[in-house]
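Shown below, as structure tokens, is a lone chain in the form predicted on its own; questions about how it binds or moves come after it.
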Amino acid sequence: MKILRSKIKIGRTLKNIYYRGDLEKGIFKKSIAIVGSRRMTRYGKDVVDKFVSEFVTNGVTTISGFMYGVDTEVHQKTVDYGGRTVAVFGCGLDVIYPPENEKLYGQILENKGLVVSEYEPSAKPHLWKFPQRNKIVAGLASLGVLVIEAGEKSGSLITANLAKKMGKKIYAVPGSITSSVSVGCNNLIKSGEAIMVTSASDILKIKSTVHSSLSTVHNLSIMENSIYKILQLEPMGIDEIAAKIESSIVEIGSTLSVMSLKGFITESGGKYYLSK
């Protein structure tokens, strides 16, 4: 299958991406990035199976990084259940890495999936390229990033951090407190950086609730609506809001005052919270 090139929206920016497969309009409309340890345990394998089967049933596209462990399991289970998956490479698309995934590469394409990379088709894999490709993994996912098994200094935490900077939701599956590959997930949950989930329905329900609550808010200006969406993710200070929306602090401050008078937000300890 021929390698093509297209501009794809990653976060807020358009990026030139090489791809093979079915870049159908809407493939990312309902999508989830799933990342995790390369040293996947039996527990991790069972968790992937549970979540992926539910995502496929609900028409959700899975996205991962095509590496050993959780990545490979996510792609394989999605294919096995008849769903669509997107593999983001840390090398060129003519270089199958890891080589053990050659068969999986073909299965993804046969099932209307997609393989993508920002690198030239013949580019070799290098360690520095894999953390860099994590931005694409996070950026393509409309529903957010789900972390399944991650060590204390796992590359999956890099993906979670990138997703947070993009204003995307982060979900984590709790693991055994005695397992080294669960430390990262448990810390994300404990610190409040990730929402703890135990099934795909947790994520899908959360997403639908967000849209529902937003639709009940009337008479918001464009700026007010942008701030409302940002604060649905987490409480923030005025500087953080200004950075996310890329607007002046003066304009943000004025808008926050109006929203406060309308009763949409409250302020406490320098952070703004949604009140309804």
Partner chain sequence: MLTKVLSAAHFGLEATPIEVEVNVFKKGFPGFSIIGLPNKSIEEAKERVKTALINSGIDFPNLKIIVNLAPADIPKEGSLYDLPIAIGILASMELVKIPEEKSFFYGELSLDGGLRHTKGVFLLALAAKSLGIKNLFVPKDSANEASVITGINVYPVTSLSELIGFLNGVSEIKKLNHTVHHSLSTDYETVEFDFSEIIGQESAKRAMTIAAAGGHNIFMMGPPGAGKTMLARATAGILPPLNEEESLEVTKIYSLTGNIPPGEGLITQRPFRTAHHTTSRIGLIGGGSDPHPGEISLSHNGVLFLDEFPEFPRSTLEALRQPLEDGRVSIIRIAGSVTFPASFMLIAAANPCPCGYLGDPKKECKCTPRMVMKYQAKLSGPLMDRIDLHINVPAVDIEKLIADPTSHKASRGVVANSRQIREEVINARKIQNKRFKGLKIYTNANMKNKHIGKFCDIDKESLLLLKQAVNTYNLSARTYFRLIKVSQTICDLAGEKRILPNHVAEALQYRIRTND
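The term rigid core refers to the maximal set of C-alpha atoms that superpose within 1.5 Å between the two forms. Residue numbers count along the first chain shown, from 1. Remember, it's a predicted structure, so these values are computed and weren't measured experimentally.
Omitted here: the form predicted together with the partner chain. The next part is about that form.
Q: Quick check for you: of 97-105, 122-130, 156-164, 79-87, which stretch puts a non-hydrogen atom within 4.5 Å of the partner chain in the model of the complex?
A: Of the options, only 97-105 has residues within 4.5 Å of the partner.
Q: Whether residue 137 contacts the partner chain in the model of the complex should be assessed with a 4.5 Å heavy atom distance threshold; does it?
A: No - in the model of the complex, heavy atoms of residue 137 and the partner chain never come within 4.5 Å of each other.
Q: Could you confirm whether residue 54 comes within 4.5 Å of the partner chain in the model of the complex, counting heavy atoms only?
A: So residue 54 does not count as contacting the partner chain.
Q: Residue 253 near the partner chain in the model of the complex, any heavy atom under 4.5 Å?
A: It does: once the partner chain is placed as it appears in the model of the complex, residue 253 has a heavy atom within 4.5 Å of it.
Q: Taking the shortest heavy atom distance, is residue 261 within 4.5 Å of the partner chain in the model of the complex?
A: Yes, contact at 4.5 Å.
Q: Mind listing which residues of 225-250 have a heavy atom within 4.5 Å of the partner chain in the model of the complex?
A: Read in sequence order, the residues that approach the partner chain (within 4.5 Å, in the model of the complex) are 234, 238, 239, 240, 243, 246, 249, 250.
Q: Just checking, between the shown form and the other one and with the core aligned, does residue 48 shift 2 Å or more at the CA?
A: The answer is no; the displacement is under 2 Å.
Q: Residue 15: after superposing the rigid core, is there a C-alpha shift of 2 Å or more between the shown form and the other one?
A: No, its C-alpha moves less than 2 Å.
Q: On a rigid core superposition, would residue 38 pass a 2 Å threshold for CA movement between the shown form and the other one?
A: No, the C-alpha moves less than 2 Å.
Q: With a C-alpha distance change of 3 Å or more, do residue 234 and residue 48 lie closer or farther in the model of the complex?
A: Closer, not farther.
Q: Comparing against this form, do residue 234 and residue 149 have their CA atoms pulled together or pushed apart in the model of the complex? The difference is 3 Å or more.
A: So the answer is closer.
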